[in-house]
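Taking the form predicted on its own, here's one chain by itself in structure tokens.
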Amino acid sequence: MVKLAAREPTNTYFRDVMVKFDGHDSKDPFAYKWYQPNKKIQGKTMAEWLSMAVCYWHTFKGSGADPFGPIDVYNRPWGQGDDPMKVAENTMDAAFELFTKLGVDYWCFHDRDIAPEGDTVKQSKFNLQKMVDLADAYQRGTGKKNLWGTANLFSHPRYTHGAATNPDTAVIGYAACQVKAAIDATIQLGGRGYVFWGGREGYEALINTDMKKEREQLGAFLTMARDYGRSQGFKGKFYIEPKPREPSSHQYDYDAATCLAFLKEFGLEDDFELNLENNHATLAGHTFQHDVVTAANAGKLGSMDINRGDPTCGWDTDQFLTDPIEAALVLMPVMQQGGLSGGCNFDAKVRRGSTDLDDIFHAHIGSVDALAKGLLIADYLIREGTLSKPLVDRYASSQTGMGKKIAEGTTNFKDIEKWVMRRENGGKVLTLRSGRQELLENKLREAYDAVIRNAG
């Protein structure tokens, strides 16, 4: 670790602009129309509720390649050159320039995003440390903060059959070295959390897989990572990020419910929460709201990757979230639990055809504003009881009498049968009650309209 002098970006790569709030009716494409970082809602500022982070991998390392076009499309100026470490330094300069100009407080990274892999573990560790020292200097110079770090345990060929779940102990060893260094990097940068995304922790076919052994290996690996982090003074949360498949046929971190059961099974629930991604939830056949509510109900909603998928595509398209109502539905549980231990990371990439550097600004501005507007809608829904009041009414019968006994587990089938027969003998007829889904969907739109109207 080398304590470099605080550093500011050179402002070499992006247009000369500082993105700020310019009013709801602004026509400036480089201005926020809804995000006011210091605006207070329920006792916290927008910035505090959202804790938004720019991701390093898609935004600065993304090439425009996709599964059907592996050739790079973009020609990013910071990515040019033959010296990998010099390219890494230029990329970091560009990154902190964008963080500053967007006015977003946080950033997050994979280890291989910020530093190239060396020929040996020692060289890789040296490269990462050098770049972490530089990032630390940029953080002190700009006031930007690290939301979380993680290790890329899926890109290198050695991880073809997984990292922690690999049949080869030597591969597990490489993964352990990599995670150890990435945890150290996150600690040095003051990260609020550390994320595990098991990109290849799964299987292609069960005919050559000992699933029980692989899951036990993963549990042991996460336990060792937790113990190492705590021994080094890491106070933040560890996160698991669910994803059902792609690239593996099945991944052991399939969805929020699967991860919660895994944490419980291996005794990790006290140190781990979930980092949920919209596009991963939809690949699992859920809505983002479903996984968010599942995690929140378990007290494990820690952080969120803010993106969306294309419903016409069956793969992880990682598009920027732009629907404020969808944002509101996932931010309601966040507000109801008092915030996130992590934050909202824009794990999203501009489209393959969006080749201009300005497109990076437009993408983030639109998603930041969608979150800000969603936060206002969520606040309105909570204050007005738009969804909570109908829920209380719908489940009212569970609050008294036999319903309360069933909920508390103080009755049995025989007593319930007697209760039903008494009702029938008394002439009480079972009547169907509407869930009023269509009405509530209209109410969501009315909440959106009210926020727009009040802003005017």
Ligand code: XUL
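All values derive from a computational prediction rather than experimental measurement. The first residue of the sequence shown is number 1, and the count goes up from there.
The protein also exists as the form predicted together with the ligand; that form is not presented, and the subsequent description refers to it.
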**Request:** Using a 4.5 Å heavy atom cut-off, indicate which stretch of 80 to 88, 274 to 282, 359 to 367, 378 to 386 touches the ligand in the predicted bound form.
**Result:** 274 to 282
**Item:** Contacting member of His110, Arg76, Lys349, Lys237, with respect to the ligand in the predicted bound form [4.5 Å, heavy atom]
**Value:** His110
**Message:** By the heavy atom within 4.5 Å rule, which residue out of Asp93, Asp184, Glu241, Asp105 makes contact with the ligand in the predicted bound form?
**Reply:** Glu241
**Request:** May I ask you to check whether Tyr159 falls inside a 4.5 Å heavy atom distance of the ligand in the predicted bound form?
**Result:** no
**Message:** I'd like to know whether Trp148 contacts the ligand in the predicted bound form, with contact meaning heavy atoms within 4.5 angstroms.
**Reply:** yes
**Asked** Looking in the predicted bound form, any heavy atom of Trp315 within 4.5 Å of the ligand?
**Response** no
**Close approach of Tyr254 to the ligand in the predicted bound form, 4.5 Å, heavy atom** = no
**Prompt:** Is every one of Tyr13, Phe99 and Tyr138 in contact with the ligand in the predicted bound form, taking contact as a heavy atom within 4.5 Å?
**Reply:** no
**Prompt:** For 386 to 412: residues with a non-hydrogen atom within 4.5 angstroms of the ligand in the predicted bound form?
**Reply:** none
